[in-house]
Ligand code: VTB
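Before any questions on how it binds or moves, here is one chain, the form predicted alone, in structure tokens.
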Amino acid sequence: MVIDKKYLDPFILATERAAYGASLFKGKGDKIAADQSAVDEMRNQLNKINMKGTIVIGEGELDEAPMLYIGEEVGNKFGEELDIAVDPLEGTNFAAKNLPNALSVLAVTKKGNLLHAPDIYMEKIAIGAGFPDNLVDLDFDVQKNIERLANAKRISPKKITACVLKRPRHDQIVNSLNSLGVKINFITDGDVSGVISVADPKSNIDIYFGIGGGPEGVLAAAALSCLDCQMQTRLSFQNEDEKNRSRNMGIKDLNQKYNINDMVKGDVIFCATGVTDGDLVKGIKDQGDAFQAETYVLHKSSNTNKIIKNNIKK
């Protein structure tokens, strides 16, 4: 079952509007206001789309209703039943400080085809396309994963570049990479774009390691599923409450490792619009009575993989 290509433009507009909303707060030091503005713009556009949509990856649970919460119904209640994962503002700190790589992101599948990941931590490892299946694995140590990747690429581990979110919890990973002479590209936020960088030939990133957000993991998997890349994840629990929330969302095996096909099934649309200029796309440009937006668009069934630039009336 494929998602009709007619849905591409409305969903692109949803991330464009959200990115514009966030851009109004660029550099103003208020990440909460930037996020809320992105949410309001995205919700407004989603509710105009001819669909029966459900937010399955959102910005919070039902009690945080001002955000696009998990289980919220969107669309005009006509058309296809679709599941939607959203991050109206990925990189809230980037937007607040007017730093590169703030994005507005969403992914869409047919109903029932996205992993309902709770808003908790998730271990992640990802590599690009063209490798043997199951080349890397979360149960391998860093050295084994790097050596297997280097052998597959027929290069020395010292020629490998890894992307890692700069957090104290990753010190052991960083120490292992340093001992192998692997180059490290640190990011401070935004691990959707960090994971996707393994698919971008311009990035020179060979592998992504680390623990980030669960919702962001599913969004990244949606993009990589269109690009024939490899990714493996596993939920990382901090307490019993997180385990109970996960069980309530239908997750039976708390230790399960998820490959891309476990997180995203069937056809998928992925859109990422720049709020600020970044590695993937450029940010919003104000043109007075309109704004210019640049969006990275993927649609699996139609082999759509392009960056589009639109001018939109405010």
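Position 1 is the first residue in the sequence shown; the rest follow in order. Being a predicted model, the structure only gives us computed values, none of them experimental.
As for the form predicted together with the named molecule, it is not shown, yet the points below apply to it.
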query: Region of this chain that lies against the named molecule in the predicted bound form, out of 78 to 86, 173 to 181, 207 to 215, 229 to 237 [heavy atom, 4.5 Å]; finding: 207 to 215
query: One residue of Leu165, Ile125, Ala96, Ile160 in contact with the named molecule, assessed in the predicted bound form (non-hydrogen atom, 4.5 angstroms); finding: Leu165
query: Any non-hydrogen atom of Pro118 within 4.5 angstroms of the named molecule in the predicted bound form; finding: no
query: Proximity of Arg169 to the named molecule in the predicted bound form, heavy atoms at 4.5 Å; finding: yes
query: Residue contact check: Glu72 to the named molecule in the predicted bound form, 4.5 Å heavy atom; finding: no
query: The named molecule contact in the predicted bound form: Glu242, any heavy atom under 4.5 Å; finding: no
query: Any residue of 181 to 206 that, in the predicted bound form, places a heavy atom within 4.5 Å of the named molecule; finding: Asp189, Gly190, Asp191, Val192
